[in-house]
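Let's start with one chain on its own, the form predicted on its own, as C-alpha cells.
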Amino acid sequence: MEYKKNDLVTVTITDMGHDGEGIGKIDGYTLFVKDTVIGDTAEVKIMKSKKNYAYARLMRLITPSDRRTDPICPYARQCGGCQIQELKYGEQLRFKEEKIRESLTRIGGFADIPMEPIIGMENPYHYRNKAQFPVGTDRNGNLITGFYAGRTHTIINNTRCYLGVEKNEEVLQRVLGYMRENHVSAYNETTGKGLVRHILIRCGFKTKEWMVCLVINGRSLPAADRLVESLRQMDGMTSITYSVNMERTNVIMGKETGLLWGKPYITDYIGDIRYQISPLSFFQVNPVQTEKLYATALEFAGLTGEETVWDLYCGIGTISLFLAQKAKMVYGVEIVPQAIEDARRNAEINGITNAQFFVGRAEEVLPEKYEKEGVHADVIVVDPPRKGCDETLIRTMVKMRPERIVYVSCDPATLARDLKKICEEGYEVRRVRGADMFPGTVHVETVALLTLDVV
C-alpha cells in the first residue's frame, strides 16, 4: 500500500538512519521519521511520499522507547544543531559505534572489524569552545540571535545553547545590548542590507581566554568603543575583532579581519602543546575530546623517537605538534596558507624544532616530494575533510610503504571507502576506535590503524 501526503498513521520504530532519523515499516512500506528513536511507537503524519517509502513528521508519542530521554534543550526539535538529543547518552554512543561498524562492513567490505570501545564524555554538554550565532530580526523588528532551524535560514531566538559554554549567553546579551543602544542594524539575507551578520565566540578551556568577533557587512562598526567597553568587563576577555564579509554568500567569515581591542588571537592547550587561535584558525571545537582523540592517534602511531612522520591535511599543526613530541621528524601538509603560518608559529611557541610544514594540496605535495626528492615515511597520519582522501594521494601513500598509516576520519562512509582501497594494496586494518567529539549530534570521529600485511 502507498500512503499519501497528510495521512496519519501509527508506526513502531525499528531502526535509525545515519542522520539520526527513526525508521519504521507498515506492511513493508518504509517511513523515515525525524525525532523518533528505536522502540518508539508513534503517530506520524506523511509529509512526502514515494512509491516504496515516505518521510513523516512525529505528531505524538504513543509509547516512548526506553532508549529515549527528555532533551535538555527546549528547542532541540526545531534547531538544526542537535539531531539525537532525545537519545540517552549511552544509546548515542551505541548508535555512533554501530554507524562506524556498518559503514566498514557495507562500504568497505570488512568482516572481522577490530573495533575498540568508543571514547565518550563524562559530561556531554557545554563542550564547544567555538560558536557562531547568526543575527537578525523577528517579525516585529526586534533584534534576535540564536541558531538556524533545521534545513532553513530562519533564526530561532535562543541565546542558551547547551553545547556551547554557558558564558556565551552573557556575550550575546552584551552584543545585542550594544546594537540596540547604538542603533546598529542586523544583516538581512534577503535584501543584503544591514550590518551585523554573525557573532563568533571562542574560548580557551585551559587558559580561560575569550575572543569575540563580529562579522559585518561593512568596513567598520559605529560606536565600537562602547562595544569594547561592555565586553572588556567580562573576566578573561582577550580579543575583540571584526571580520569584513560584504558578499552575498552563506560563508560566515570574511577574508579581512580588524582588531578592535586586545590581541588578534587567544591561546589554548591540547595536552602540553600551546596553540594560538585567530578568528579564522581551524581548531577542534571540543578540546576535552580532542586530547583523547590525538592521544589515540599517537598511540596507534606507535612512535619510538626514531620515525619520520608525514601528517597530511595538518591544519594549524594540531596533530603534527602532538606527534613531534615522540617522533624524530614530522612533516605537515595543508592547502590553507594561513593555517601553515599558524602551524609554524605554534611550533615556535612550543620550542618544537622537529616539525616542518608545506603549503599545498596533500595530493600534489606528497607525490612531488616522493617522486622528485625520494622522501620516505615510517608513519603517515592523514586527517582529511569529509570527502576523504584523493585517489592520487592514496596511490602515493601505499607506494611509500610506511609501516603504519593512521587515518583520522570525520565521516565513516569515506573512511570505509578509503580503507578498502588501501587494504587492496597490501595493508590490513589492525585497530579502529570511535571518539564522540559532538554529543547530541550524529557526527562521529574515528581513528583507524593500518599496517603492512606481513603474511
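One-based numbering along the sequence shown. Since we're looking at a predicted model, the values are computed, not measured.
Although it is not shown, the form predicted together with a small molecule is what the next lines describe.
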### Partner-contacting position among Ala362, Met179, Val379, Ala327 - heavy atom within 4.5 Å of the small molecule in the predicted complex
Ala362
### Query
in the predicted complex, which of the listed residues (Val336, Met253, Ile113, Met121) lies with a heavy atom within 4.5 Å of the small molecule?
Val336
### Summary
For the small molecule in the predicted complex, the stretch among 75 to 83, 186 to 194, 141 to 149, 316 to 324 with residues bearing a heavy atom within 4.5 Å is 316 to 324
### Task
Report yes if any heavy atom of Pro384 sits within 4.5 Å of a heavy atom of the small molecule in the predicted complex; otherwise report no.
yes
### Contact flag, Gln284 vs the small molecule in the predicted complex, heavy atom cut 4.5 Å
yes
### Task
Give a yes/no on whether Phe357 approaches the small molecule to within 4.5 Å in the predicted complex, heavy atoms considered.
no
### Contact test in the predicted complex: Tyr294 vs the small molecule, heavy atoms, 4.5 Å
yes
